[in-house]
Each structure stands twice: as C-alpha cells, then as structure tokens.
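Okay, so here's just one chain, in structure tokens, the form predicted on its own.
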Amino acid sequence: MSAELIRSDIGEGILTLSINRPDKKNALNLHMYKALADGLIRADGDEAVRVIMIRGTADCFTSGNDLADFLSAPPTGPESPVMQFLTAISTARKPIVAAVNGLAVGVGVTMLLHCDLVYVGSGATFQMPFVNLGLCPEAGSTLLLPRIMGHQRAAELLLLGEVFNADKAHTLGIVTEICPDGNVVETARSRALQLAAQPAAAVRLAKNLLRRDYAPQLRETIAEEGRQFIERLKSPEAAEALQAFMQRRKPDFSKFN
C-alpha cells in the first residue's frame, strides 16, 4: 500500500517521490512516512541518483498528518517513521527539489525548509497549525524559519497558524519561484535536470557548506521539538483541539492555562 501512496521513479538522474493519496488530500500516514524516509536514504547511497524531487498530486501537495492514524500510533521516539523521515530529509546529501500544487499544511510546509529549490503554483496555500492543535512546531522549523525571515514573521506563522498564500511564501523566502498552477511540476523537473547535469560532487559539497554552520543546531532542534511534540500529544489542550477538529467545531481553550 505504501508503494502506491508514495510513488518512486528514477530517470535521468532524478529520483521522484510522489505523494499519491488524493482521496485524503495526500495526508501522510506512518507507512507513507516510512516510504519517504526509505526513498531519501536509498537516494543518498545510489550513484544513479543525482537529484531528489518531491511532489504531490495536481491539486494538493499534502494536508499534513493523517490525524486518525497519527493518534492511533503516535511517535514515541527517534525510531518512529515520522522522525526517520525528518532525519532523512534534513541530512540528505543530494539536492532536493519540491513541486507544490494546492494545499501544503503542517509538515507539508516544514519539509520545504529542507528542500534546496521549491517551486509552487500561484494558487498554492500554506499553513502551520501546530499551536492551533495544542502541539508545538516540528522539523526544525523553530530554528529555520527565524533564520529565513526573522523572529516576528516566523512567530506570526507559527503562533497564529493562519493560512497564507504563494505570494507571501515567496516574499518570506520559503519558496524559490511561483509558477502557473499547471506548470509547477514541469518547471521543477527542468530545474532538477539542470542540477543533475552539474558536477555531482561539487553540488553535494556546496549543499553541505550552505548548511555547515547550523547543521549541529538543527539536529538538536529537531530532537528537542520531537520530544516536546510527543509530550504535547498527551496534553489536555491537544486533546481538546483534536477532538474539536474531529467534531468540526471550534476548540475552547479558556479552561487551560
């Protein structure tokens, strides 16, 4: 099943990982996280792969975690599929290109912070509603977002958890380029082909040097966010938020301090 939900194709030096669960807005379950992590790890050790490309379907990148699946088997530590994926994408040696159409929520946004080139459709929308759900940010976003855009702008995105559009994502530095909605994958693949034609060792070295000064801190941040996230899943705020989400009502946090 995971192979169908995460499609893996290699051609012209590019490994393309396609999130393919359109009936659930490409929500990620544990099997999909494991498949993504395995694909990234295999790509790093495969000389035939020079570039990794991540994409969703025509109208959705990913709506984030499959909450029912996530709550039935929450992450418990570094060996969980979610953490394996975050480790793999944050330490990948080879360049990662993302093609984003439509909805990108939660990890659908934070994973983009680990991609080297990000191409999005003009109609794409983004949201990081971790705090809204009584949880905390993840994937190293509390380190990377302030580095990219400054504390106040990062705080707006993470503390309020509001939806923002492609223009704002571009202005804030989360994405590389905005494309017509029907041209995103084509544009991303053309850039991936350019990267694949570059000297592979030089590309890997340049990527490594770009993140050299913050790589140790990023590992520490991802681990700490993960520990806090697991604790927050047990909190009464998270229980209220997730129950309200399932019941399609507004959560009430007034009784919690």
Ligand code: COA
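Every value quoted in this text rests on a predicted model; they were computed, and no experiment measured them. Note that residue numbering begins at 1 and tracks the sequence as displayed.
Same protein, other form: the form predicted together with the named molecule, not shown, and the subject of what follows.
This chain lacks the partner; the member of M83, I178, L158, V105 within 4.5 angstroms of the named molecule in the model of the complex by a non-hydrogen atom is V105. Contact with the named molecule in the model of the complex, defined as a heavy atom within 4.5 Å, holds for exactly one of P95, P75, P129, G121, namely P129. Heavy atoms within 4.5 Å of the named molecule in the model of the complex are found in exactly one of 142-150, 86-94, 129-137, 112-120, that being 129-137. Among residues of the shown chain, T221 is not one whose heavy atoms approach the named molecule to within 4.5 Å in the model of the complex. Taking the partner from elsewhere, R249 is found to have every heavy atom lying beyond 4.5 Å of the named molecule in the model of the complex. Remark: D38 does not count among the residues lining the named molecule in the model of the complex, judged by a heavy atom distance of 4.5 Å or less. Interface membership of G64, defined by any non-hydrogen atom within 4.5 Å of the named molecule in the model of the complex, is confirmed.
Residues from 8-41 that approach the named molecule in the model of the complex with a non-hydrogen atom closer than or equal to 4.5 Å are D23, K24, K25, A27, in the order they occur in the chain.
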